[in-house]
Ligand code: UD1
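The data below hold one chain only, encoded as structure tokens and taken in the form predicted alone.
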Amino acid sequence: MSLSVLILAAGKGSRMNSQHPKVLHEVGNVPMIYYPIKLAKSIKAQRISVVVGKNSSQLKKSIKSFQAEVEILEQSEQLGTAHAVLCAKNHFAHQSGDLLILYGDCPLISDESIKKLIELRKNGADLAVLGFHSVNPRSYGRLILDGTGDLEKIVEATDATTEEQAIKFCNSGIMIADTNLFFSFLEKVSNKNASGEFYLTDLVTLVRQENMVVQTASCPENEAHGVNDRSDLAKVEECFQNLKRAEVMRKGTTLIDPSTVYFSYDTELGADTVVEPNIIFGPAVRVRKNVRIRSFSYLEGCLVKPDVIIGPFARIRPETTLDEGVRVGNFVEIKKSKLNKNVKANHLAYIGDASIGAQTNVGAGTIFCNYDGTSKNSIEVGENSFIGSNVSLIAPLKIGDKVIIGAGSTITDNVSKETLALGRSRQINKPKK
């Protein structure tokens, strides 16, 4: 049976007090809308569509940047979740198979939870709804079950009786049914409720009235946490970080103080890597096995190969590769560079737009001067070379193998292999008068 996914992302998000669409606020350093799109791809949806609001050029651009085949639909007025789904009716005309409803502001739903819903459909449920048990249900809609355990109805918190408000089984909003079932029943939904909106949840009552089977699956509460304001955003970020910490430790990475390590959505860490406290991983970091990352370091957009030591207080910027056995020490910043095997840059250096050959040592205070005020230029350093302390290398520049550059030098010309290079003023000592 084919599966399509419709992601609702047209909400204004007024409680965020932001000029940006709500679903573009980030969790794990990527916009929230990324997560349901990724989920739809992972469950092999044949068709992925996103409902956005009017004037959503920023959101449309972001969705297209994920390089996924996603169709974008527009909801001209925000009249409720049922109305949002109905905006896709013509788009799905003559579409067979199932339709899964996801939300752009609910980024933590797992593949496993969605597979439970899909399994209910395979086993005969006409409509399947994802719920969760909450200690403090607050404003969540309540799932009301009948005597057989099937879902009888969903009641919004604002419309619930005192008895219904005491129920702790809550609605995530996520559901799956035959595509034609959605659109045939949603046209019957009314907005006669406390909010004056067309609720997708009313679909349950309408389907039950036709003696169809409506069942529920359950997920952990933290998965179902949606984002309405910045407080919710912080809670979801906390949940994401805890999940990511557990994942990397399960796969063989040691986190000495997990609560102080912060990950991005795509961070990869290899087995037997050790991460000390107070580390931040920006996007696009890949770390191989047996690496040690010392405290107060920041990594982004880099590849770190096995047996590397980084930090403390190091900054590794995008387009950097650290080959096997590299040592990067305290207060060293590296940007868009490749350090080949066993290169050492142990303290107080800036390396930018560079390639450094194997076994080379970069002394304390060395600066790769890659910017001339107009453009960035590159520096190549050969193998087994030694760059002394407080050296300035002025790009563009090529330095050969087995070169020694004396401390305090400013190097502006290429240096051939097996050469001692000195570029400093002569010292003059004058006696006091």
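Each residue number is its position in the shown sequence, starting from 1. What you see is a predicted model; the values in this text were computed from it and never measured.
There is another form of the same protein, the form predicted together with this ligand; it is not shown, and what comes next is about it.
Each of Ala84, Gly104 and Gly141 is positioned with at least one heavy atom within 4.5 Å of this ligand in the predicted complex. Contact with this ligand, judged by heavy atoms within 4.5 Å in the predicted complex, is confined among 239-247, 322-330, 284-292, 196-204 to 196-204.
At a distance threshold of 4.5 angstroms between non-hydrogen atoms, Thr360 is out of contact with this ligand in the predicted complex. In the predicted complex, this ligand sits beyond 4.5 Å of every heavy atom of Pro258. This ligand is not drawn, but in the predicted complex it has no heavy atom within 4.5 Å of Asp307.
Contact between Ala10 and this ligand in the predicted complex is found at the 4.5 Å heavy atom cutoff. In terms of contact with this ligand in the predicted complex, the residue from Glu156, Glu268, Glu223, Asp353 that brings a heavy atom within 4.5 Å is Glu156. Among the residues Leu79, Ala234, Ala166, Ala93, the one placing a heavy atom within 4.5 Å of this ligand in the predicted complex is Leu79.
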